[in-house]
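Here we start with a single chain on its own, the form predicted alone, put down as structure tokens.
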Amino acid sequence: MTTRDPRVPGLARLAALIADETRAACLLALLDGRAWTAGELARHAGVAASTLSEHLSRLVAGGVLAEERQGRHRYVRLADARVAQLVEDLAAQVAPGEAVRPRTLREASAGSAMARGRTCYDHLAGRLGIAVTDALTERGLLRQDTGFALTDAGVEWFGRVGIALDRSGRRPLARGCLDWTERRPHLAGVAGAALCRHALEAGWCVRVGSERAVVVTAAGEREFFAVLGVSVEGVR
């Protein structure tokens, strides 16, 4: 008699939660790492607020989203970094030919901005993320040959630049995350999140629009070159 894997029911429930275009649109939007109101997500997904509320309730109940309430506003965000990794990894598996062509100039511009630089939950992605990852690797601060790992020199570099690495949790210090526009891995994990947070707080990058796109500032261009010797002119 064959014993069924006890993970089967949970996997089936998770797959069912994601297998809906409205819920998928919400999950991709929430990859910006911020909390969104139900109304904002409803407008983003193009559905009525009542319809969106039902979808959000299912995602919260399934442990995919975390919910916070402030007054009469309902905010939701991705439950944790593991959920973000799952969503990004699944999105990266969509073949380029399956992507929907932009219908308007605005959509084309937004897509171009996302490809240049964006946040992937809490780390940098797009051409900016790849440029930074390559620079870290070329300088011996990051290894990719046996999976992503910071070298001793890399850990020292983060400290020297003034970027604190929180190593108290179970999250890996460095992890490769497949970039869905570049089709190559960029830096994620504790180090990727810390670098992204520092870049935003120090004004090296700024968010643009309501999507996940970020642009490098003039100050950021100077700093990225100063600390990594990398030119990010192409993603400014």
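Since this is a predicted model, take the numbers as computed values, not measurements. Quick note: we count residues from 1 along the sequence shown, nothing fancier.
Keep in mind that the form predicted in complex with the DNA is missing from the display, and what follows is about it.
Could you check which residue among A202, V208, A66, A49 gets a heavy atom within 4.5 Å of the DNA in the model of the complex?
Selected residue: A49.
Report yes if all three of G140, R171 and L187 come within 4.5 Å of the DNA in the model of the complex by some heavy atom, otherwise no.
Not a single residue of the candidate spot has a heavy atom within 4.5 Å of the DNA in the model of the complex.
Given a 4.5 Å cut-off on heavy atoms, tell me which of 127-135, 68-76, 161-169, 84-92 is the interface stretch with the DNA in the model of the complex.
After filtering at 4.5 Å, what remains is 68-76.
When the contact criterion is heavy atoms within 4.5 Å, does H55 count as touching the DNA in the model of the complex?
Heavy-atom contact with the DNA at 4.5 Å: present for H55.
G39 versus the DNA, in the model of the complex: is there a non-hydrogen atom within 4.5 Å?
It does: once the DNA is placed as it appears in the model of the complex, G39 has a heavy atom within 4.5 Å of it.
Heavy atom contacts to the DNA in the model of the complex at 4.5 Å, residues of 12-38 in sequence order
Stretch hits, in order: D20, T22, R23, T37, A38.
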